[in-house]
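The structure tokens that follow cover one protein chain in two forms, given apart as structure 1 and structure 2.
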Structure 1
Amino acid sequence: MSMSMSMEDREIMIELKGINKHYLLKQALTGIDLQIRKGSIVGLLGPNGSGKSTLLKMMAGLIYPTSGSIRVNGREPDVRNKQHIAYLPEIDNLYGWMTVKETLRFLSGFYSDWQADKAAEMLQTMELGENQKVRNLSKGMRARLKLIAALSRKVPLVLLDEPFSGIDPPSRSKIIRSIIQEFQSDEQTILLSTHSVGESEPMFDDVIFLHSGRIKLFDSAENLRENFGCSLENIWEKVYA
């Protein structure tokens, strides 16, 4: 992905300082210090239980750190900030009794940045029937619907937690192409966690490798490939060996 400005010139979209998150019996995140600049697609990689979802939920304002400070788009994640963040959780979070059309209409009522044309276009591309009830959709189709809900908004920050989970490989390539096509590099930041490193690698400007709640590696994808002399998928195997 080429940039019109150097990374250092871009404003900071997400800043985490000394973030710790502790649950009853588990330390989910430890000493996370991170700065993510505007205008990049960042891959958040790590095995199950490494803290990816916890980190994304914190940025989306669903949970709060035990200690440390977090600023998203210049402010603490709060209700007003959610107007500028599109968050796609890993789990199914839609109402099963609604149809696809009703779900998108329901969501559009909360966001002034909702793009109805884009949603309709994506519905056609993803081959989803408007009048199907969400509970009757397969796992992959529900994943596509969640993606439409997240990408139909014109927001500065998009957080995608395992967006390709349950989606077949050909559809994943289509979705990746769609994300790259729709990405507004001067105004938008996308943070995406995934296990499908091979397919999504071409998208990433920067990559974060998380392990047991700590950042193992954080650098640009280009630097990592240069330093390790291999693809991100192979770096994964080296980092988590």
Structure 2
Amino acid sequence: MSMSMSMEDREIMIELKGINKHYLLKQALTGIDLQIRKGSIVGLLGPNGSGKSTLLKMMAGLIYPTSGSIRVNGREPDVRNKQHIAYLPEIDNLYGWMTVKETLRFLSGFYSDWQADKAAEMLQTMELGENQKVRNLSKGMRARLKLIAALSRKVPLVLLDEPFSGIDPPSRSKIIRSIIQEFQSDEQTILLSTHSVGESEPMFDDVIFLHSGRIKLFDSAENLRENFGCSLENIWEKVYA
């Protein structure tokens, strides 16, 4: 993606130093040192169990590190940060008895930064009928609705955990083009975890490869492609072979 300034000139949106996270029987993250600059779309890649969801929840202030420090936009994240962060979890937390329109109206009541015009525009793009009951939507349609909910907020940081899960390839391509078109690098930073590496590749400015709770690779998408001489999808195959 073309940027109005180089990534090196941008301020830091997220900084993690020596992050470790362990649960009773599992070490989820180990020694994470990371700086993510404002105005970038960052791909968070890795197989299931690599720590992607744990890392995103930590940035959202939903869980805390066992040790180490984390700063999001200059402050330690906590539940109060939800007014400045749009977080889309992998789990489905929609109410089945609501219609699509009622769902978006319900969510808009929680956020002063809600953009109703953008939500309406994305309903058209995602080909969702506002009078459809959520319980009658396919998994892919529900995923589209969740994505609309996250992207309709005007916040500096958007965290998307497997947003394309259950969405067919043609729809994924349309949604990805929409994200690129709507993205404003002077106002927003997006972190996106996904298994759809090939289709998502055009979005990414920087890419993090996680493996067993550790950072395997972290660089700009351009440098990674140049250094490995292949696409991010092929790099994935090499890293996790």
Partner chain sequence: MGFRNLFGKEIRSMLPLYGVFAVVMVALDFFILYKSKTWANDVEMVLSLMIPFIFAGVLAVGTGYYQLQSEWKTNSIYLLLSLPIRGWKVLTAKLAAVLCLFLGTLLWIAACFSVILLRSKWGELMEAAEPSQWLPGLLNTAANSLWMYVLVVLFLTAVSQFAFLCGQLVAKLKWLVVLSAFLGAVWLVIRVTPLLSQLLEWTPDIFFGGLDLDAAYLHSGPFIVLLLLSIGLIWLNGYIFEKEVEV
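Counting starts at 1 and follows the sequence of structure 1. In this text, rigid core is short for the largest set of C-alphas that superpose within 1.5 Å between two forms. None of the values given here were measured: they were computed from a predicted structure.
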Form selected (criterion: the form predicted in complex with the partner chain): 1
Checking Q83 here: with the core superposed, does its CA move 2 Å or more between structure 1 and structure 2? no
After core superposition, I'd like to know whether K133 moves between structure 1 and structure 2 (criterion: C-alpha shift of 2 angstroms or more). yes
